[in-house]
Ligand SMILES: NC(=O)c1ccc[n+]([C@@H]2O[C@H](COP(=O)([O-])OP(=O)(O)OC[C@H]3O[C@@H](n4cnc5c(N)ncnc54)[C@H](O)[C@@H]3O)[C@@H](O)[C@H]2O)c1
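Form predicted on its own, single chain, as structure tokens, below.
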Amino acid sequence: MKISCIGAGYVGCVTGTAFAALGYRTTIIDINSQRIDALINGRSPIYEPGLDILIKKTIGNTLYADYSYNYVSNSDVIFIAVGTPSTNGGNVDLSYVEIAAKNIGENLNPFGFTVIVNKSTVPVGTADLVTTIIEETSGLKNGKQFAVVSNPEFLREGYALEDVFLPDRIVVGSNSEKASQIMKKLYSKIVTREGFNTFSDVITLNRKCHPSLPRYYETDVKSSEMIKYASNAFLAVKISYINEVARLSDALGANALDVARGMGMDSRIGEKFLEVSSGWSGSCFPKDTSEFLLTSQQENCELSIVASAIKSNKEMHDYCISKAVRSLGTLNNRTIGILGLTFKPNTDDARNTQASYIIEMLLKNGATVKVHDPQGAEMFKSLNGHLDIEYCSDPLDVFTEAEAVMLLTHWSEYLYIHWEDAFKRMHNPYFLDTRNYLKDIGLSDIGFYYEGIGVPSHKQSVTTSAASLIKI
């Protein structure tokens, strides 16, 4: 079975490389010359732990990369894994999907049967759109020479290889029996873990025990398309909820971490995504929740819980800023250090992160801001060129003359900062840990005024709303 994967970004690069590692001849296609050149030379165009190793093992053997759609004509399965950014109105921009569908149609093999797979996160009904474009472009018949299926990705950046090889579930939406059989055959090695030992050395296992075999779940196309949105929206709601609990814990003197742990012991709730933070962000949750909510509003079936989660999430960003205000009295003419620009560790993805919002609000309130991130600084700078901030190559530099330092992303590197040196560099040793990541390393013993979120501190809680303390 031969595979083409359109798109060499986070989803396409991981998906294409994974199937190549499973022994399928796979070609990753992208118009971005830098990404393709990196792949051809055995390098990953994105930062994802273990991916470089896997690319070096497979490139030129089962993995190939090219700019041309000519390879589509020899493919049995074609994944569409292009970007689907949000428009200003909150809708998904499907222009890259439409371009990919047109190019596929122009190169599709008329003498075989090809399965086109929507891997990107797309609104309900996108498979119909792709089908129409391919039919009009190729002159071929849906169900006869090709079929379009939905196979949403559930990859966590930073653990993408683990998730592609050891998934909880594989969801395939298809209205074609022939396409369903091809997809089932394609995923058979993952479902059975055939040849697992060949690539297990590059997977960062982050589970307490060896996971059970994944569930292979088949449904119709539209239900499959909705599953991804419904899943991400639910997780966003769960995060917003525990963050609200953390804010109430601050006010009442309770410990939100203990509350979350006690809640998570209930099997109906579970412990995952009950982690206090400065709020959810990144390239998926903000985009997916906005699109899901907008779709519900357009259908006069508003998802009010999702709407509340979005509102609550912004309030959490503001709450973190207000914690600094309460300690410093004002942000005007204060120097604030920021540790972490990506939405999570182990990725260089700095799209739509909480850091961009928080930093903008700090600047708006008169602060001077210095930042550091082990992998995401370059992308963050390219996306936020309007922000007048100082980028530091050494995390210690964000502490120099700072009145406050905020940890936004829990990179493991930050555990090993020379904290005595960091303390001496600060003008005022206030440290806000929005992830409660460093609570056990004794920063208070060094002399820091250390604050977490939703955990007791030596400073009396204040219930003033964030909106009254900062300019919104």
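Numbering starts at 1 and runs along the sequence shown. Just so it is clear, the model here is predicted, and its values are computed rather than measured.
Not pictured, yet referred to below: the form predicted in complex with the ligand.
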Original post:
in the predicted complex, which of the listed residues (Gly264, Gly90, Pro214, Gly83) lies with a heavy atom within 4.5 Å of the ligand?
Top reply: Gly83
Original post:
Ok, Ile53, Ile441, Ile446, Ile31: which has a heavy atom sitting within 4.5 Å of the ligand in the predicted complex?
Top reply: Ile31
Subject >> Partner proximity in the predicted complex: Gly16 to the ligand, non-hydrogen atom cutoff 4.5 Å >> reply: no
Subject >> Exercise: Tyr357 in contact with the ligand in the predicted complex, heavy atom 4.5 Å >> reply: no
Original post:
Is Met183 a contact residue for the ligand in the predicted complex, using a 4.5 Å heavy atom cut-off?
Top reply: no
Subject >> Proximity of Val371 to the ligand in the predicted complex, heavy atoms at 4.5 Å >> reply: no
Original post:
Picking from 115 to 123, 238 to 246, 215 to 223, 128 to 136, which part of the chain touches the ligand in the predicted complex when contact means heavy atoms within 4.5 Å?
Top reply: 115 to 123
Original post:
Within 96 to 110, which residues come within 4.5 Å of the ligand in the predicted complex, counting heavy atoms only?
Top reply: Tyr96, Ile99, Ala100, Asn103
